[in-house]
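A lone chain, given as C-alpha cells: the form predicted on its own.
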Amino acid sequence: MDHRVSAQWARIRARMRGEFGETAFQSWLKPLICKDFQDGIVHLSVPTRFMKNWIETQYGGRLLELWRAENPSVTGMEIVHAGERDQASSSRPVPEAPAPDSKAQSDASISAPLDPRFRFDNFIVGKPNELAFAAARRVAEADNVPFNPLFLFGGVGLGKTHLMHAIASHIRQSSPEKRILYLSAEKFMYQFIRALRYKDTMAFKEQFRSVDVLMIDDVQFIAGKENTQEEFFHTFNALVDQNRQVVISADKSPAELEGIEDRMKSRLGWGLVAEIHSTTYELRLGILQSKAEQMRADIPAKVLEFLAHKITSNVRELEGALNRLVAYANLVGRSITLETTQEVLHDLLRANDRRVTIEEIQKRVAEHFNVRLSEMHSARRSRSIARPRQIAMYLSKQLTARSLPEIGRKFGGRDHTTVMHAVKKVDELKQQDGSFAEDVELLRRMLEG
C-alpha cells in the first residue's frame, strides 16, 4: 500500500480514537486494517461479519468523512470481513458523502466534517436542554438572523456538539448556497498562527469574514491567547455588522469564562445565551429508549431504567454503556438482564457509584412511586404512601449502616419498632409477590454502591 495512504490511515485512526474514546477504539476500530486504495475506493477489513456490520452502522459515515478530509480523491469505502471474498459485490459500500457546494469548496479544508448522526430529529429534548434546542432550531430554520451570537454552554457530553452539527447540517440542506465554516477554537487559533507565519493574514481575514455562518466550538480554548482573541474579536464584529450568523459553544457562560477579555465576554453575551443543564432521570431514560430503538436492540425496560438511574455523568457515557452492553450480548450470545448489565458494566457503574444516604434512598423511592418526597416524613397512612415509605425504610436498613432508631428519626421521628415492622412487611411481600420483589430489587441495584 502507498506510504501516503498509510500515513493518512494512521492519522484517521488517531482521530477516531480521540473522537470515540479508548474503549470503543480498542473494541471496534483498532482491528480495522486498511488493505488498499484503488479507483477512489478505500478497502478495509475486519475479523468478523458482526464487527463489519457494527462498524458500518455506527462509524461508517464518520470514517468516510475522515478519509475524504485526508484524501479528496476518495469517493467511497468498502469493508469486508475475514473469509468474505474481497470484491465489490461481496461488501456493502458506505454511501458517498455529498460533495460540498462549489462556493464552499475553499472552506472545506479547514471546516470540520459534520457527523451525519447528529440531527435535530434524533436529539432527545427535555427540560435541561429545551431552550438550547429551540434556539438552535430557530437559527437553523430562520431566513434572517434571529439573535447574534447564539451561545450554547454546558458540561461535557450534554449535547452541545450534537446541536452545532445539527444546525450546520440543516442549513447546508435547506440553503446549499450559504457558506458555513464550522471549526474548533483550537483550529481557529492554528489557522491564525499559520497566517501570521506565512504573512498571509489578508487571506485569513477574507476567508473568515466572508462566510454566511461561522460556528466555533469550545471557545474557552482561546482563553489567555491575547492575539487570537484580538483577531476573533474583530472577526466576530465584522460578521455581526454584516448580519451574518455566529454560533458559539463553550463549557461555561460568557461571564464565567476565565482568561477572556471583558469586551469579548460582553460581545459573546450580545445575543442569546442558552445553557444545557445536567440531565434528569426522565431525559436519560428517553435517550436510552431512543438509542435502543435505533439499534433495534431488545433491552428490558428495567435495564434501561437501571442505567438511567446509575449513569448520571453525561449522555456520551450513557450511550457508550448501551453500545457496550448490546455488543457484548451479540458477541457472547447472552440475553440482556440486570445481572449481565452489572457484570459487563461493573467498572463504569463503580465509577458512577457514590455512598448511599437515607436522603438519597428517600428521593429515589419517591421518584419511582411518583409520590412527593415530603411523604417520606409525613403521618399519612394510606397504602399508596405507606408502602413506598416502608420500602424506603427497608432499603435504608439494607444499604446503610444506620441503626433502627436513626432510620426512624429520618422518617419523621418514627419509633425504631416502626422501622422493624416495615422491614418485616417488605420481606413478606417480596416472597408473596414476584412483581413487588422485582421493584424492590431494581431500586436496590440503582442505589447500591
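One-based numbering along the sequence shown. Source: prediction; values computed, not measured.
Just so it is clear, the following notes concern the form predicted together with a small molecule, a form of the same protein that is not shown.
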query: In the predicted complex, the residue from I299, A166, L214, V315 that sits within 4.5 Å of the small molecule by heavy atoms; finding: V315
query: Residue among V156, A203, L331, L196 with a heavy atom within 4.5 Å of the small molecule in the predicted complex; finding: V156
query: Check all three, F208, S210 and F236, heavy atom within 4.5 Å of the small molecule in the predicted complex; finding: no
query: Partner-facing stretch of 362 to 370, 301 to 309, 119 to 127, 187 to 195, counted where any non-hydrogen atom is within 4.5 angstroms of the small molecule in the predicted complex; finding: 119 to 127
query: 4.5 Å heavy atom contact, K291 to the small molecule in the predicted complex; finding: yes
query: The small molecule contact in the predicted complex: N71, any heavy atom under 4.5 Å; finding: no
query: is_contact(N148, the small molecule) in the predicted complex, heavy atom dist at most 4.5 Å; finding: no
query: Distance check, T75 to the small molecule in the predicted complex, heavy atom within 4.5 Å; finding: no
